[in-house]
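Just one chain follows, in the form predicted alone, and it is written as structure tokens.
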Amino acid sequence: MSSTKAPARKGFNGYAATWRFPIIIWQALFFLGPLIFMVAMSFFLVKNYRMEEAFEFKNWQKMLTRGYFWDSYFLTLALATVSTIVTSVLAFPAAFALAFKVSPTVRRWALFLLIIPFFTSYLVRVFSWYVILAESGVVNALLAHIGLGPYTMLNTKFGTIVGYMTLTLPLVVVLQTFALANIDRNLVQAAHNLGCTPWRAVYRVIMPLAKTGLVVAALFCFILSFGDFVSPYYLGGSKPPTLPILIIDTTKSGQQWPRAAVVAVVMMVTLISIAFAALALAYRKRASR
């Protein structure tokens, strides 16, 4: 009879734990701790402009039964979704060119130039769009030469999307470029040798191989857009308000921090649910191939 040995049980690895503890402590202090406090604060009550500890669902009932809350929720969700789709579609040709059509030196310089906008304040970049999108701005001045305009682009949903793209487009191009650059060129060449057209190779070979990276890039775009306050406030006119603006308005209305915490918790739950669903879908399809 052949005896099989049971797999050896791994003991405590002090060296590995030493490197894990700083990350665990960091996440506990700056993510889990504030999140738990925010959830607890959503059950507090405000009396005479002062918060009092309690465990009542009045704040949840107040916010979740109001139409303006759901209007803001679905508006924020729709704007973030549109921003993610538009940004991902516009970023893909640039990322494809950087990954497959240029030399590694050009790619490195291009990625460096894409990172440069993050060296400046996002608020400053958003304010620069006032000059470009105003009714007497650069865009309308160019359109006037061909007999078009002027068009109202500020204080609109279009202005909000432009602001979102200002924040997310460089990041999405960088992440998509990394995903596409790591594809095995032999697989793409094999597809061409088997008679696959360039467009079909992109759709049937390149995009499935880079699926995880493309999903992660889109997810980052959605998260940043969903939680952004600057663009919908300064370029979108803040009316109707998105959820981040609603949080500010709620805190200004009678110091209602607990009700603002309800909005923040709903945002966190939404983002976490979408993030886990998107990543699970991407990795499950990748593993089944």
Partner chain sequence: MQKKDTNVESPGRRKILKAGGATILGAPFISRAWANVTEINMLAWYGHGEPDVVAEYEAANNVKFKPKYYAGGDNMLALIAQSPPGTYDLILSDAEFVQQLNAAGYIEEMNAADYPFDDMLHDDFTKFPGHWKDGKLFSMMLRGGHLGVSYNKNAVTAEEAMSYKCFWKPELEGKVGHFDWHLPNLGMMSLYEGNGTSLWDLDDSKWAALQKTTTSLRPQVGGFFDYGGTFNSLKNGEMLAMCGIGDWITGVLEKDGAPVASVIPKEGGIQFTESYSIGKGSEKAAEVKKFIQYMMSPDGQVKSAQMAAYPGFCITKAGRARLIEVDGKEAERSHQMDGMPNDPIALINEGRIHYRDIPQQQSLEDWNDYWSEYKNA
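Treat the numbers as computed from the prediction; the structure is a model and nothing was measured. Numbering follows the first chain given and starts at 1.
Same protein, other form: the form predicted together with its partner chain, not shown, and the subject of what follows.
Only one of 118, 130, 112, 203 lies close to its partner chain in the predicted complex, with a heavy atom inside 4.5 Å, and it is 130. Proximity to its partner chain in the predicted complex, taken as a non-hydrogen atom within 4.5 angstroms, holds for one residue of 155, 81, 166, 212, which is 155.
Contact check for residue 240: a heavy atom falls within 4.5 Å of its partner chain in the predicted complex. In the predicted complex, at least one heavy atom of residue 71 sits within 4.5 Å of a heavy atom of its partner chain. Remark: residue 245 counts among the residues lining its partner chain in the predicted complex, judged by a heavy atom distance of 4.5 Å or less. In the predicted complex, its partner chain sits beyond 4.5 Å of every heavy atom of residue 184. Of the candidate stretches 228-236, 23-31, 260-268, 37-45, only 228-236 contains residues with a heavy atom within 4.5 Å of its partner chain in the predicted complex. Using a 4.5 angstroms heavy atom cutoff to its partner chain in the predicted complex, none of 100, 192 and 197 count as contacting.
Residues 240, 241, 245, 246, 249, 252, 253, 254, 255, 256, 259 are the members of 240-259 with a non-hydrogen atom no more than 4.5 angstroms from its partner chain in the predicted complex.
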